[in-house]
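Listed next as structure tokens is one chain, alone, in the form predicted on its own.
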């Protein structure tokens, strides 16, 4: 048989790796539930048109798409937002507003694997629908920050970089750039930090084809606007433009809310963030780590027209996505991955067949009570069974021998410090709950 390997860009999770992924998902899930979000799920295989309708035919080159045995054009989902828009749109009239939903799912993109970007990845999506005001944008940004803080990061470890496509559109209009050309200009803005001057000028010239706007002037104006990183600076640029001044009232509401919620330290205004997807309509943001590789950790924004585009009602929406790959890389760099064993709470050591029935009775009771329990299937000597308990990753061993069963007790042994105590079998469940909560001091005489 040939050596069959995992496909490029896909991962296999041994138990220790799956435990880390489980930890990441648990933090996401706990954070979302604290904010009142409810979990949903969609099929991993969807009609291809679900994604082309949202992003255009050009997205097909990034998809794992094929024709199924029924002749349907299908694709593994590259993201969950289109599925969300479809599902909410189908029942929007019967769902109380605002809608707070989150999902944690595996997504697939056919692109060259590289550090931080794989072909298969797990992602948290959190979305708030049915509220058009900046309070909803603030709630989503706060949740994004809280998800990162839940891993043990501090507000100094990352920045939520906030921008605004609405403000950009109004600023470009003040330069005489038609709305029909604004999206193309923003695609140039998206490259300001990494493009060469000549390449940017060429791109801006192409973006302004059919207008009377000078490309060099527009590029310089865009640089000036993108470099403005304070509300005061934006207010100066908006002087004399009523539309921009009105939009800055939403900015003040957004920033005041986030400051009141306690996130002032991790926020920054960065108008170079425009998010490449055309369906974003208002505030947009990305979370970046502040040191090391300055990698992007999450991103999102407002997409008020997408649900209607997916044949649902006209429903405002804002959300974000956060992937497991870059989060794990950061947690490893910061040494914030918990060093816990994904093993049983207790390993029952059965010493002799005369103790096995009593031990199995207690094992059944403990499992029914919610404890994670393993035991030796075959008789063995004490040192060998202690070694088996340690290999299993158990925190404690429960020793069942003939003498313990005769006395009506089990012996609890810490596999960390080797301390031991006897616990009456009649009190075993409350006693072991206390051990897990307080350690061996809960049962030591």
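Between two forms, the rigid core is defined as the largest C-alpha subset superposing within 1.5 Å. Worth saying up front: this structure is predicted, and the values here are computed from it rather than measured. Numbering follows the first chain given and starts at 1.
One more form of this protein, predicted in complex with the RNA, exists but is not displayed; see below.
Asker: Please pick out the stretch from 65 to 73, 407 to 415, 28 to 36, 42 to 50 that is in contact with the RNA in the predicted complex, where contact means heavy atoms within 4.5 Å.
Answerer: Result of the contact check: 407 to 415.
Asker: I'd like to know if residue 180 sits close to the RNA in the predicted complex, meaning any non-hydrogen atom pair within 4.5 angstroms.
Answerer: No, residue 180 stays farther than 4.5 Å from the RNA in the predicted complex.
Asker: With a 4.5 Å heavy atom cut-off, would you call residue 79 a contact of the RNA in the predicted complex?
Answerer: Yes, contact at 4.5 Å.
Asker: Looking at the partner-bound form in the predicted complex, is residue 5 within 4.5 Å of the RNA by any heavy atom?
Answerer: Residue 5: yes, in contact with the RNA in the predicted complex.
Asker: Does any part of residue 114 reach within 4.5 Å of the RNA in the predicted complex? Heavy atoms only, please.
Answerer: Yes, contact at 4.5 Å.
Asker: Here the chain is shown alone; which of 159, 109, 86, 356 has a heavy atom within 4.5 Å of the RNA in the predicted complex?
Answerer: Looking at 159, 109, 86, 356 one by one, just 109 meets the 4.5 Å heavy-atom criterion.
Asker: Can you work out which of 372, 191, 308, 259 has a heavy atom no more than 4.5 Å from the RNA in the predicted complex?
Answerer: By the 4.5 Å criterion, the partner-contacting residue is 191.
Asker: Indicate whether residue 402 shows a C-alpha shift of 2 Å or more between this form and the one not shown, with the rigid core used for the fit.
Answerer: Yes, because once the rigid core is superposed, the C-alpha of residue 402 moves 2 Å or more between this form and the one not shown.
Asker: If we fit on the core, is the Cα of residue 418 displaced 2 Å or more between this form and the one not shown?
Answerer: Yes: residue 418 shifts by at least 2 Å between this form and the one not shown.
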